[in-house]
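Before any questions on how it binds or moves, here is one chain, the form predicted on its own, in structure tokens.
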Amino acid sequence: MSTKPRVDFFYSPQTRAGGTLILLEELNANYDLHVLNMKEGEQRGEAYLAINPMGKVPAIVHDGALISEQVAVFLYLADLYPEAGLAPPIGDPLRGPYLRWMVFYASCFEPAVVDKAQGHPPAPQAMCPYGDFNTMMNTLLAQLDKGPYLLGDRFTAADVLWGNALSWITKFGLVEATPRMQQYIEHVAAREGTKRAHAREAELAAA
């Protein structure tokens, strides 16, 4: 009998929860998948709002505790399954950079991309969480140049987060892929855990 922790994972195909599905596969985690049909509005139904009042995915429940918000879910899961080695532990020199790039995604990258996609001007620089779009992107691209992964030679949960996000936004033309970024996307997508998750997501979306 497995002694690995088991989590409940709330998910909908072709949403940002797809990144969490990839991470769970990369972690070889034990999880029970709860699929929400967003076209039918199940994420706003009473049953799910009792679990996550924000009505968003991804969300997980472990030992009775709700963990929502994509980056929090990633951080929690990667630490929950340390044997997979996808989260540098405290004391590892890469722990700080790992946390930096996880939070940079939520605090800088996503707000900048949303503003750009919607045609919204950024807030005044002194009040804007990402400063300006070009500075944010150049900061990311400089880090990718240190590859093959975000933290150099070490693959972490941060690469699952970023690889999946960059794949989506370049696919929809929100950001133009540089050759290095495209190489990074393909490098992450070639991993077995990613391929398993993509195949499962395709089945679930078709159903």
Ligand SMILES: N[C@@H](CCC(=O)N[C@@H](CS)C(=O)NCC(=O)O)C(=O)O
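Worth saying up front: this structure is predicted, and the values here are computed from it rather than measured. Quick note: we count residues from 1 along the sequence shown, nothing fancier.
In what follows, reference is made to the form predicted together with the ligand, a form of this protein that is not presented.
Colleague: Go through Lys146, Lys171, Arg180, Arg44 and name the one with a heavy atom inside 4.5 Å of the ligand in the predicted complex.
Modeller: None of the other options qualify; the answer is Arg44.
Colleague: Considering the ligand in the predicted complex, which of Val57, Leu140, Leu27, Val175 comes within 4.5 Å of it through any heavy atom?
Modeller: None of the others qualify; the residue that does is Val57.
Colleague: How about Arg16 - does it come within 4.5 Å of the ligand in the predicted complex, if we only consider non-hydrogen atoms?
Modeller: It does: once the ligand is placed as it appears in the predicted complex, Arg16 has a heavy atom within 4.5 Å of it.
Colleague: Spell out, yes or no, whether the shortest heavy atom distance between Thr156 and the ligand in the predicted complex is within 4.5 Å.
Modeller: Output for Thr156 is no: heavy atoms all beyond 4.5 Å of the ligand.
Colleague: Examine Ser167 and determine whether its closest non-hydrogen atom to the ligand in the predicted complex is within 4.5 angstroms.
Modeller: So Ser167 does not count as contacting the ligand.
Colleague: Please tell me whether any heavy atom belonging to Met38 falls inside 4.5 Å of a heavy atom of the ligand, as the geometry stands in the predicted complex.
Modeller: Yes.
Colleague: Check each residue of 64-88 against the ligand in the predicted complex and list those with a heavy atom within 4.5 Å, in sequence order.
Modeller: Heavy-atom contacts within 4.5 Å come from Glu69, Gln70.
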